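A single chain, nothing else alongside it, follows as structure tokens in the form predicted on its own.
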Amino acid sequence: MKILFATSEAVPFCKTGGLADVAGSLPQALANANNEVEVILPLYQRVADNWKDKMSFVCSIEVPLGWRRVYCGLFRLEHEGVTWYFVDNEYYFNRDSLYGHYDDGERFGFFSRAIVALLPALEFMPEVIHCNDWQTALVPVYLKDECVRWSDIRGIKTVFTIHNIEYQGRYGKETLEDLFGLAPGWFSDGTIAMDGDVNLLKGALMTCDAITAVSPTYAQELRYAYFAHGMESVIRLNGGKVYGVLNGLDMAGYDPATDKRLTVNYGLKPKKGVESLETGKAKNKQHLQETMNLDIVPDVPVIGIISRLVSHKGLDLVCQVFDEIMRLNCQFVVLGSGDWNYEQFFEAKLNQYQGRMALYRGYNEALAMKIYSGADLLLMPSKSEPCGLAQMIAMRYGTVPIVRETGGLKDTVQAYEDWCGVGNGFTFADYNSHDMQFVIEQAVGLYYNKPAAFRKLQETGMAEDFSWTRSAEEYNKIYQKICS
């Protein structure tokens, strides 16, 4: 099948969040499943600086955008069996950051219009265009708008993946014609209108052929107001074409046996240069303690948080019972930045728990890997979590996750049952600090009182298959269904 994957970011070219990991891995998995796959994304400044000398120029065209006709260049790069296309316009994309600009609506309106306009310049006319989040939400709309005049694109089907429904591409009604070049009927018939505004996400959900969410549980949660950020009625209206497909993990990139970012490599099968889980984790733990100025104590459990410090990540639960957690004779490491109140809370706790608590404000990939490989437990008490990768990475490195049962956390972490030893982590259902505290006590208790059982729990997590192969199979079924 011929698939064009449209995204606003992708590893290894540019990344701000989980979408980039998906866009960097799923196309490769789809190609390995005997599909022809091409990916298209903007040619940002950071991409051009690092990759443009490896690209070849394809063509340039003018893209109609409202009353404007805008230059659009196209560059191509072959990388690991996938053809990558980059949409060039320095006015829109030669900037120091991917998002957060005053004209993001215009920038990604241009990008979506360019994707449709550039179809004849690609190696093939796709059977499916797979769009992702609001930055490509206008692609299904523009396809519907153009197909009445352009017969070659009438058979193209579209899949739209919601990575985080909180971000919707919402703009004033006046942008419909002037900014996005769409006729008033798209608004008056309700296709792209939401609460009096233009809502690009709604336009995609109404016009695409299939909607996917990044985990089965998240697909179900989106039907309810608590999770859907006002879009629950739209999801329910289109419920017949909603699917949940769990994101995968780059199993080769996240492999403790080969990961060069670790102090010591380790795995389930020790060999030359690869230590056992027990000794390898112990050495990485010591290095983490040294790096973060924690007491060098080998037999005390280290609990890690790697997260944006914002409310929907469940940080208020942690703050409510933090002192109770620290009474469990554990160490606590936090990596992240976000809301001032959470940053200040953890800053204050540094003095109270010197040698037992550490904080790094910001994001540091090298330190994140030290935590994944050196910590014993990873805490993710999220209010909502569409999929989540941290819990999968943690298990891959033998760090036991403690999560709230929501979204992809529920789909990937099964509660440990002491009486029979099944499960791969610890979970709690209600958004309640004392429920979270209870399962943390269980996890720490297992660490201290049943070290063999805790080791078995680590081994179970490390053996889990979170590869993209499974996800690609699910997407293939969706593609075939909508194209049949």
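Please read these numbers as outputs of a predicted model, since none were measured by experiment. One-based numbering along the sequence shown.
Only in words, not in the display: the form predicted in complex with adenosine-5'-diphosphate, which the text now covers.
Of the residues given (129, 137, 306, 358), 306 alone sits with a heavy atom within 4.5 Å of adenosine-5'-diphosphate in the model of the complex.
This chain is displayed alone, yet in the model of the complex one of 72, 176, 234, 335 has a heavy atom within 4.5 Å of adenosine-5'-diphosphate; that residue is 335. Contact annotation for residue 190: none of its heavy atoms lies within 4.5 Å of adenosine-5'-diphosphate in the model of the complex. Taking the partner from the other structure, adenosine-5'-diphosphate in the model of the complex has no heavy atom within 4.5 Å of any heavy atom of residue 107. When contacts are judged by a 4.5 Å heavy atom cut-off, residue 389 counts as touching adenosine-5'-diphosphate in the model of the complex. In the model of the complex, adenosine-5'-diphosphate lies farther than 4.5 Å from every heavy atom of residue 299. Figure note: of the listed segments 262-270, 381-389, 94-102, 177-185, the one touching adenosine-5'-diphosphate in the model of the complex, with heavy atoms no more than 4.5 Å away, is 381-389. Along 345-364, residues 362, 363, 364 each place a heavy atom within 4.5 Å of adenosine-5'-diphosphate in the model of the complex.
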